[in-house]
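In structure tokens, the next block holds one chain alone, the form predicted on its own.
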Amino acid sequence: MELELVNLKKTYGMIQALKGINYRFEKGIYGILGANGAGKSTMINLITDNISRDKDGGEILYNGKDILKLGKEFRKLIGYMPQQQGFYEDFSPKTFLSYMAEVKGLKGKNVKNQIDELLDIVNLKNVANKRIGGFSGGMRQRVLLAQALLGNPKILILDEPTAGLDPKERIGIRNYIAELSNDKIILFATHVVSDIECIADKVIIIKNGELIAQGTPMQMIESVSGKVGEINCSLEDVAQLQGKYSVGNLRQRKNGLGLRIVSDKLPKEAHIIEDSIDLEDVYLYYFG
């Protein structure tokens, strides 16, 4: 099973949202990192065929065949969780999932059982027949995740799937997604780095419509070795340092405040960090 992007481009008026992305996805979890407007959602919408491809916009191939030629055959393989989706406010989660099963052409006795199982997985079993109109943002997110999993799709595409979830919900959903990766291609687009740090097999970073870095989480971490430091400072110093470097969180230390800095050239007074670099530092290096 293979999904390949070949010179993928997309232009909106005068804005080139994607500038020629080339990448091959196989089974596993791919963390797609990028700031808002980087091109993540545009790439996803092209893969799901929710927006039209430009005439010279490259190709998207599934097992060597263009997905536009595969048509419905390809769309049946996809489970997609968008960032936002409108609901009929009077629908319950169970009604909504039943409706989406019909839209996806899922039939048979197993559909009802699968809906019950998915509602349990996303911790909505107790409100399965309640109005979605009364749900919080996080609960709506969990409904969207459940519908993406309907039909056991081969390609699971998640666009900011943990937005609005509390820490406990986020960990539970993240761990469940990790369990699904043995027989699926999972694209997990986010700007919340901790969501993919421990579960992604590969990480790709998109900035200004271009794929600028890729590799395993460890390879990405090693790529910023020697570029991460910490400097003792006061709160008054932070604003000045922000103007010169990509800065992370302040940490309380025995001798005062420690400010994380990521840069190709660290200040002389910075203590170089080697043993606790993480993907947050990688993200900060590219987007700080």
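Since the model is a prediction, treat every value here as computed from it, not as a measurement. Start at 1 with the first residue shown and count on from there.
Omitted from view is the form predicted together with a small molecule, to which the following refers.
When the small molecule is considered in the predicted complex, K40 lines it closely, a heavy atom lying within 4.5 Å.
Using a 4.5 Å cutoff between non-hydrogen atoms, Q252 does not count as a contact of the small molecule in the predicted complex. The closest heavy atom approach of A35 to the small molecule in the predicted complex falls within 4.5 Å. Contact check for S194: no non-hydrogen atom falls within 4.5 Å of the small molecule in the predicted complex.
A single residue from the set Q114, Q83, S98, S92 has any heavy atom within 4.5 angstroms of the small molecule in the predicted complex; that residue is Q83. The candidate stretches are 62-70, 41-49, 253-261, 221-229, and the one lying within 4.5 Å of the small molecule in the predicted complex by heavy atoms is 41-49.
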